[in-house]
Ligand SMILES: Nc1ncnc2c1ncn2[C@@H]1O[C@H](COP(=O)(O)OP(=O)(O)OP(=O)(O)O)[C@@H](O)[C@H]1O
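Below you'll find only one chain, the form predicted alone, shown as structure tokens.
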Amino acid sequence: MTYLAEVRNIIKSYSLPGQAPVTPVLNDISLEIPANASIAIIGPSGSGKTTLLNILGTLDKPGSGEVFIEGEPLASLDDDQLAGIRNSRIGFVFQLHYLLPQLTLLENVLLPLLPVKDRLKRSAATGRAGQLLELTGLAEKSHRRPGELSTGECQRAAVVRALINQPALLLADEPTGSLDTENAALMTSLLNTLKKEENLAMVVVTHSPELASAMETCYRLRSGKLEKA
């Protein structure tokens, strides 16, 4: 079976210069992500949740083990090829929205299209941005700048930006971590709605029991090992 994304026997250790590697933060981790799945990864701070997410998203490389996207092994790809995979197949949402303050909400959403030269593709993406902003309740605020929006609205805009290139996989690192209870509940509902509307697979790293319970499968990462929660 070909999974949308997969890691096999991942080991990742960190050490200071001149020192021997410390105990691996990820120790022989394997995870398969089917198409359209929703997965939560929970665990204590410092357990390696973000490291695992970054390896899945090609932002970091394992010390050993293999990473696959749609059955394609990534070990032999160069930085430009990995960047292409990130831009076309994977969407990222972080705890902080990282919107550029000098740009409007719509301009921020369209930032991932900067490398795209095809005018027709850029035009289609602009239309898609409008549809996603409508779906997330932001259409009327598309020409405002982040400083004029609430934290919840900015985070919803960051989700739209992550989806603008129609990725098959969405990786979210504490997407409700900076939100109050009401906006966290709205974000949880929105992620599940977008998963269905966009036919996404989703992996969410979270400390939130509410967000974790809204995913189909939950894993716990602790002492370098990943297990079903």
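Predicted model, so just to flag it, every value in this text is computed and none were measured. A residue's number is simply how far along the shown sequence it sits, counting from 1.
One more form of this protein exists, namely the form predicted together with the ligand; it is left out here, but the text below deals with it.
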{"property": "Answer range among 177-185, 48-56, 28-36, 190-198 for contact with the ligand, defined in the model of the complex as heavy atoms within 4.5 Å", "result": "48-56"}
{"property": "The ligand contact at Gly63 in the model of the complex, heavy atom, 4.5 Å", "result": "no"}
{"property": "Heavy atom distance at most 4.5 Å to the ligand in the model of the complex, all of Tyr3, Gly71 and Lys228", "result": "no"}
{"property": "Residues of stretch 185-212 in contact with the ligand in the model of the complex (4.5 Å, non-hydrogen atom)", "result": "His207"}
